[in-house]
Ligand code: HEM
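Below, in structure tokens: the form predicted on its own, a single chain.
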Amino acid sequence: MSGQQFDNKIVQWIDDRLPVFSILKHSAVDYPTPKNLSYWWNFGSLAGVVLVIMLATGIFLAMAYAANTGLAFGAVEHIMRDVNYGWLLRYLHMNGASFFFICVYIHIFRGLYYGSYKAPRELLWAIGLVIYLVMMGTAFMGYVLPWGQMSFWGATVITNLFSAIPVVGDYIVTLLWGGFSVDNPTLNRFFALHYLLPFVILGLVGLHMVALHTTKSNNPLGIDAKGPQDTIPFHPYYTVKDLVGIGVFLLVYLAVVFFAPNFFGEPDNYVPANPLVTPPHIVPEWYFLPFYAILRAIPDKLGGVVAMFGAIIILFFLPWIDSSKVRSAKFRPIFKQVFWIFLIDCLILGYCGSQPPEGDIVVVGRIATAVYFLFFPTLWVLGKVEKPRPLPHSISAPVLKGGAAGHAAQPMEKA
């Protein structure tokens, strides 16, 4: 027996034998959530919505795609011109990748600002970063599938980076290519992996949710809930809040899909891949640009590859690098300034990655790379020397402006 009682007899019969409805009720209805979550907490659920859109559109696109170097470019044009609503499916999928990364980047920086990576949420943070890494691999392989000029040359440049790894580098490149150059076997395996990895992401998201519900949600104050007075049920309070966020998000997303579908794209990718003609400026998708800038900032090829991957791997150690006991930047005045410097630095790196590596851009990129890596030892030092502001006694105290008993029955107005 599930222990839960439902009015619907069919639901009750199923739940007594397979407690799926009890699990959903516990996780999505009764789940106790801090009463002070802001709209910055919407971006996790928004990323989940985009993942579902990407899976659905990707499955339908795969039905009309041909993973062959002689047919791929034409297959994409066939989808755009001949398949019923194929243009819509492709634009939803193509722009969905960018909006997926927008949601995830905001989600990550929100976690950084409010200290959501600190104990006991270290594993939650690590799983989130693994999702991000798998997303990057999936997006890169998806970018190759249209088989335009930027697809081909982007694949050639990025896969060649692995050749810098001593001893095994050339074997890795040959394994990725399926031969001795980017060709038909490469496209085949990239298509297979691009189809598979979103389901891996889905599984990782499930683990992420289990870890979240085990350690409970962080909140803008960065303090733990002291009891029922600090929490409210997830439904209806945050389901309504999420629906508002989804509505606003879809307005922006669909505005891009219908009115500026190629805003995030590269014109060169509407030219069929030609191994004999190199584009004047090979540039990856915008969400890779900060790491591309770090790669180019180091003169040595191996050093650049190590720095690029190190820029992501170091994030896994953030819970132990940050030595402060206080989570939220609201109570850490110096860290708050350092955080905004770090965010601006990432944007500068993105701009540097989008420009040809010449002149002042090279110098700016190297300085921005140094600032990126200096952020982490700075966090450790700040934890030792910074004097944080006093923390409130509970979530309810600032939310309810004194925690008066007369206001306790109106959490929605004050949350």
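Remember, it's a predicted structure, so these values are computed and weren't measured experimentally. Just count from 1 along the sequence shown to find any residue number.
The same protein has a further form, the form predicted together with protoporphyrin IX containing FE, not shown here; the description that follows concerns it.
Per the 4.5 Å heavy atom criterion, protoporphyrin IX containing FE in the predicted bound form is contacted by stretch 55-63, the sole one of 32-40, 344-352, 55-63, 373-381. At a distance of at most 4.5 angstroms from protoporphyrin IX containing FE in the predicted bound form, none of the three residues His107, Tyr132 and Met209 contributes a non-hydrogen atom. At the 4.5 Å threshold, heavy atoms of Tyr143 reach protoporphyrin IX containing FE in the predicted bound form.
Proximity of Leu161 to protoporphyrin IX containing FE in the predicted bound form: non-hydrogen atoms within 4.5 Å are absent; the residue sits far from the partner.
Taking the partner from the other structure, protoporphyrin IX containing FE in the predicted bound form has a heavy atom within 4.5 Å of a heavy atom of Tyr195. Of the heavy atoms in Val256, none are within 4.5 Å of protoporphyrin IX containing FE in the predicted bound form.
Interface residue among Phe234, Phe335, Tyr292, Phe100, judged by heavy atoms within 4.5 Å of protoporphyrin IX containing FE in the predicted bound form: Phe100. A heavy atom within 4.5 Å of protoporphyrin IX containing FE in the predicted bound form is found for exactly one of Trp153, Phe191, Tyr117, Phe249: Phe191. Contacts between 67-106 and protoporphyrin IX containing FE, taken as any heavy atom within 4.5 Å in the predicted bound form, involve Val76, Arg90, His93, Met94, Ala97, Phe100.
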